[in-house]
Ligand SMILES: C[S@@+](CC[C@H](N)C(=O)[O-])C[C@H]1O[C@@H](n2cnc3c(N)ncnc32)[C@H](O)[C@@H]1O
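Here we start with a single chain on its own, the form predicted alone, put down as structure tokens.
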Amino acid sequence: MSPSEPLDFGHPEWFAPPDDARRFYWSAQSAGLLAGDEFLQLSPDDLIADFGCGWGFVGHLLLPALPRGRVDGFDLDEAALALGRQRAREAGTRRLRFQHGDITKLDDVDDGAYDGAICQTVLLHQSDPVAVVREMARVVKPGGRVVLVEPDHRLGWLGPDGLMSVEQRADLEAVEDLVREGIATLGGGDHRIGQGLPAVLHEAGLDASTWCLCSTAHRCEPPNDSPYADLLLHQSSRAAFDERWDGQHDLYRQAGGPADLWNRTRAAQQTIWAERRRLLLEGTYRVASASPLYVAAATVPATIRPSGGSP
């Protein structure tokens, strides 16, 4: 396994926390696969809709494959849209546009207006991801592609460095499952939705033609002076630890999680995170890991069947 350089579009200053992890989602090679025949099937002049665009990470990712095309991003976050317009200017491109819009109902966009549509790390935040995917299919012309890119966040927290015992791992999985249940109880999204993307497409009236786990490998090894080590050092800080665990406590309690499991797991993880940070600062930490993103793609048919209907 060879390490991959972080992808930052020539603007590493864009990737301060909390965007620093995005640099490690894709490599130049895997981004090429995303644009290719298995997924978006881009042509140079294509017009692509980016659902839940934020500041335009996906648009910048796709631009090299669209020398005469354009990516239109849609989002409700006005601050993110303003940042996207600023970063497009900094990148010297007019082929990224940013529009305010509810991605479950883009009233100002005609049927079949786009050659393809994509979303990345968006559906996990949606209470009704199927509604988003149906809208993506509506705005794409027949024969165009709908591509979903979503994580299974639990995969990123289960100790790839061997610092966690079997028992500690089991406790952490149990806590993660209860947090997920709490989010669902409150009408939130599913932070493990990546595994279920084919089912989401089917419920939206589409059928996945391609589905895979697209992971970009990174290596952290002595003397721990790589960009990936910097990311891990930030993620292992006490502030990051407290933010993660404090942010999940109410969700865990919403699902009726027992206090003893929470307290035991939090204490164990605090010790593990502190040890990881010590090794990173010492320059002796060693791990090979990946940014796991599930990718699913479907071709839009001439007529989209009703949600959940038989093929």
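Numbers follow the displayed sequence, beginning with 1. Here the structure is a predicted model, which means the values were calculated and not measured.
From this point on, the text means the form predicted together with the named molecule, which you will not see here.
Does N224 make contact with the named molecule in the predicted bound form, using a 4.5 Å heavy atom cut-off?
It does not: once the named molecule is placed as it appears in the predicted bound form, N224 has no heavy atom within 4.5 Å of it.
Though only this chain appears here, would L40 touch the named molecule in the predicted bound form if you measure heavy atom gaps against 4.5 Å?
Output for L40 is no: heavy atoms all beyond 4.5 Å of the named molecule.
Given that the named molecule is not shown alongside this chain, does L76 nevertheless sit within 4.5 Å of it in the predicted bound form, heavy atom to heavy atom?
Although the named molecule is absent here, L76 would touch it in the predicted bound form, with heavy atoms inside 4.5 Å.
Does F57 reach the named molecule in the predicted bound form if we count a contact as any heavy atom within 4.5 Å?
Flag for F57 set to yes.
Based on heavy atom distances of 4.5 Å or less, which listed stretch (187-195, 162-170, 125-133, 226-234) is in contact with the named molecule in the predicted bound form?
Selected stretch: 125-133.
Would you mind picking the one in G205, G182, G144, G101 that has a heavy atom within 4.5 Å of the named molecule in the predicted bound form?
The residue from G205, G182, G144, G101 that makes the contact is G101.
Checking a candidate spot here: are V175, Q248 and R264 all in contact with the named molecule in the predicted bound form (at least one heavy atom each within 4.5 Å)?
No: no residue has a heavy atom within 4.5 Å of the partner.
Mind listing which residues of 178-198 have a heavy atom within 4.5 Å of the named molecule in the predicted bound form?
Residues within 4.5 Å: none in this stretch.
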